[in-house]
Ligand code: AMP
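Consider the single chain below, provided in structure tokens and representing the form predicted alone.
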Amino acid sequence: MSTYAEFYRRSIDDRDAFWAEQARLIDWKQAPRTICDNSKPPFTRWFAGGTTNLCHNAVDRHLQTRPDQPALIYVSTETGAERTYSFRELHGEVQRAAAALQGLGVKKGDRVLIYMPMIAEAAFAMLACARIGAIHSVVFGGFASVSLASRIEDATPKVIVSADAGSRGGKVVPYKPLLDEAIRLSSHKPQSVLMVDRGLAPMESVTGRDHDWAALTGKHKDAQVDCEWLDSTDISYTIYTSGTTGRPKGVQRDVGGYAVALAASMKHIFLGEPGETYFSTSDIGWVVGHSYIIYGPLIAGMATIMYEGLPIRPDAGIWWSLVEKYKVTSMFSAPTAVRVLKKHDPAFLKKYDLSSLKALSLAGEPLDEPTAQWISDGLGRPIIDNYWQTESGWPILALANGVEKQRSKFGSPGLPMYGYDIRLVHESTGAELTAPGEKGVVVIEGPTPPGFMQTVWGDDQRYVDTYWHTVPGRTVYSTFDWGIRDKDGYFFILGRTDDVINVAGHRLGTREIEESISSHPNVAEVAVVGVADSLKGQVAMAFVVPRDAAGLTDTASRLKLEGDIMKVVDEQLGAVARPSRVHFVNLLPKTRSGKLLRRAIQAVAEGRDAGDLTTIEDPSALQQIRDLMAP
């Protein structure tokens, strides 16, 4: 293909031939019989009849050509640990972990929940699950017991893999008490718990249930565990994402389509070549960590850096020192991280040799133009914004510079990626919007491409009802994001259409936070909205109607209740979900039919005009919030 436009057009118009070519980027035990089976939309089946394995493609296939090349580079500025595993060494560690899981009764199709900090054993556990055909479900280590319990209940894991503690900013965060409490709260009880003891926090062991990672894997020092050849359409993993209702959704992903999508993205989008080094600063608890810390770089034959720590500890040059030391060629981070670095001496950006770095990719939340310009000027390297979701598994909008080099437009995540038939539609009528600058909902015309979610775990109907919407003449997948498109076809993302907020790249359902706050005995009603924040993109802000306001007559009493409510959220959902502020009001603004006016609350909290308020029941409710927000 001579241009990206031709490459993209072929992916839409000659879909099967296009993806058959991309499928040659991975190993198949048995070649696919059908490239795209869309006979039961929206449940698209990719590469049906083919058999493959994610762990084989990430590890085993590289043993012939690069066994002693670095594969996994583990760096922790929290504990001072740093170790490089070659593909040969990674292969051995993964086989020992796979044998340990098999020894605990884990078989193909069983679920293994992984609740771990950013340590090498977490990568071994994920790859071991992929190797034996178990379905892993990784839960972010920052989640507290109630959030973890809901995921245990939904995933019904046979085994949970965890660690004694994580560490952030030098502060130890014990995991085992949170895990034990989550298991107590959950109606599902795992048969076994496999614990990595880092020596950071004491652990109480449950006899008969809990096992020590080092002792168990040590029994399988010379383990030989063959890869389980899986149907392309088998389930590789589930990962939970917040939604518009309190119950998180288990995004279910396949094996073959995901492997092909990642292999293609490493080549076309992330400019990855075998023998190079990739550095994603994300966490394995998020989809970026799955796709671009573990699977994507390894499938591409690259070394991948797995980093535990902050971007400013020991100083704001730590990431760039790693780029120099390990000759990182492609890096992936989030706008919030760059905004944090922006507060520190820009000399750190010039201190290290970054000549190996081809580009810095940023995603997870909208990237504002000033931040993009600052990091671009500081690094002197291309900045590639990209937009995608847990549901998509890989970028929806980006720049495929591996196909044709194209210019970045700061503030825009770029163009539709190959395989994605992206449209803008009117919020109410569903009519397609084609004129530049028209604001609409970003939707995807089916079939969705390889690597996209298959369904919601255990609930096909929820997948259909949540994501697929009928517009004139067809049914489309809704991203729930507003967007506009300019005359060159570049998209700009303007924010969510639903009640999900994006805090430093972490998707949080406002309903989940509201349910947690409502459990406090002095909360009668609560509304949580996402409010624009210069550092984190958005923060959660809560407006609470107390059951008993008699004692809230002074600032000290209000601050005490605010602190108590925040503590409840910390304990139930984790600090990541803690509101930036909890404000107390006498009533919440609602329509005459009782619907909460969330967008009006959000607008006032951000200092914007609240818009059409003809349906509001009591205007004084919104005025209270205006008064609270007044400087």
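A quick note: this is a predicted structure, and the numbers were derived from the prediction, not measured. Just count from 1 along the sequence shown to find any residue number.
Note that the form predicted in complex with this ligand isn't included here; everything after this is about it.
Inset, instruction - May I ask you to state whether Arg507 is within 4.5 Å of this ligand in the model of the complex, using heavy atom distances? - result: So Arg507 counts as contacting this ligand.
Inset, instruction - With heavy atoms only and a cut-off of 4.5 Å, decide whether Lys409 touches this ligand in the model of the complex. - result: Answer no; every heavy atom of Lys409 is more than 4.5 Å from this ligand in the model of the complex.
Legend entry - Proximity of Ile493 to this ligand in the model of the complex, heavy atoms at 4.5 Å: Yes, Ile493 sits close enough to this ligand in the model of the complex that at least one of its heavy atoms falls within 4.5 Å.
Legend entry - this ligand contact in the model of the complex: Pro413, any heavy atom under 4.5 Å: Yes.
Legend entry - Stretch in contact, per heavy atom within 4.5 angstroms of this ligand in the model of the complex, of 441-449, 364-372, 321-329, 157-165: Looking at the partner contacts, the answer comes out as 364-372.
Legend entry - in the model of the complex, the residue from Glu121, Glu308, Glu512, Glu391 that sits within 4.5 Å of this ligand by heavy atoms: Spelling it out, the residue with a heavy atom inside the cut-off is Glu391.
Legend entry - Heavy atom within 4.5 Å of this ligand in the model of the complex - residue from Tyr418, Phe87, Tyr387, Trp213: Of the listed residues, the single hit is Tyr387.
Legend entry - Residues within 4.5 Å of this ligand in the model of the complex, restricted to 476-503 and counted by heavy atom: Counting only heavy atoms within 4.5 Å of this ligand in the model of the complex, the contacting residues of 476-503 are Thr479, Asp481, Ile493, Arg496, Asn502.
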